[in-house]
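First comes one chain, alone, set out as structure tokens in the form predicted on its own.
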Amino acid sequence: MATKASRTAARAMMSPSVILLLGWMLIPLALTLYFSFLRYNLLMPGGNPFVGLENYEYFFTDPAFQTAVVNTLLLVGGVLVVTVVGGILLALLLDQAMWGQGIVRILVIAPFFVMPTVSALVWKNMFMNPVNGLFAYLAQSVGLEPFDFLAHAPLASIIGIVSWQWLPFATLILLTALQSLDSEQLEAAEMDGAGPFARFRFMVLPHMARAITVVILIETIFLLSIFAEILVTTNGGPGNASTNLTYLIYAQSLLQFDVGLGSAGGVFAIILANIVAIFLMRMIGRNLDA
């Protein structure tokens, strides 16, 4: 049994790392909040006067703001649909006995270890290029005109690229949950006359509900800050067609050099991410209590 002295010693040994972690998080957050109240433009060095909520007013009335919010929601929702549905299907497939099962599982999981920038460049130049890309070659081979994905369907293209990266993660989590399902229950249900779809709907899917919730939570937190894929493929364009909140903040801070306006957008993004995280954590809590 731990004594009071041992607990005190444990807290003392943990305190440096906790203080470092809090400083790493709180200092940038405090600076972002501070700059959001200043007229701080890198092209106009000076006194950086205090302007109150003026930056927030400009950010929320920016014509690109509503487009960025909608694109962010579409990007997150689209990737979640593809990865959750695709992850369930792949988990069911990989759970079946097959030749080379271990190699197949490694190949399915492999895209998750590719850097986002590298993945986006490969998709942009080797697959989606309307002149030299693989999709253009396949279209020409059947007599069709090549389709410029990044010019005419930029957001859908980014959703596809990001989904390809996150599908292995969802598959791994869902496959682990699927393998924890008691096979004797499935066999009993089959002997009672339950068909494959009935077993999936009433036994497999409810059993995977918690894993699906975990996938949604983790992916949503990361998908709200997608940036590299947009930067190296479309630069937020054409126009603002593929601009999300993260890229909008980047453009205002580092392309327009308006640190105050970008900081206001960063504060909004932090608040939005925390609201989403709290909502999803409560949803997980309800699933765990069920």
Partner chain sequence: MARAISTHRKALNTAIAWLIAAMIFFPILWTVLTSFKTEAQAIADPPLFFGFDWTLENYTTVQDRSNYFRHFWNSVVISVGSTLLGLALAVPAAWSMAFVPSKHTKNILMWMLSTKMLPPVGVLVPIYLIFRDWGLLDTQIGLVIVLTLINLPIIVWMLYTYFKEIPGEILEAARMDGASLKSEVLYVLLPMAVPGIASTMLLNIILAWNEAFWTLNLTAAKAAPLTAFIASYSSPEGLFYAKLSAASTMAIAPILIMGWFSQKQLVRGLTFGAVK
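Numbering follows the first chain given and starts at 1. No experiment lies behind these values; they were computed from the predicted model shown. By rigid core we mean the largest C-alpha set that fits within 1.5 Å across both forms.
There is another form of the same protein, the form predicted together with the partner chain; it is not shown, and what comes next is about it.
- Put simply, residue 97 is close to the partner chain in the predicted bound form: some heavy atom of it is within 4.5 Å.
- Residue 75 falls outside the set of residues with a heavy atom inside 4.5 Å of the partner chain in the predicted bound form.
- Of the heavy atoms in residue 231, some are within 4.5 Å of the partner chain in the predicted bound form.
- Looking at residue 214, you'd find a heavy atom of it within 4.5 angstroms of the partner chain in the predicted bound form.
- With the partner removed from view, the residue among 115, 85, 144, 151 that has a non-hydrogen atom within 4.5 Å of the partner chain in the predicted bound form turns out to be 115.
- Checked against the partner chain in the predicted bound form, the candidates 156, 172, 80, 139 yield a single residue with a heavy atom inside 4.5 Å, and that residue is 172.
- Of all the residues from 120-136, those having a non-hydrogen atom no more than 4.5 Å from the partner chain in the predicted bound form are 121, 122, 123, 124, 125, 126, 127, 129, 132, 134.
- When two forms of a protein are overlaid on their rigid core, residues whose CA moves 2 Å or more are considered shifted, and residue 280 is one of them between the shown form and the other one.
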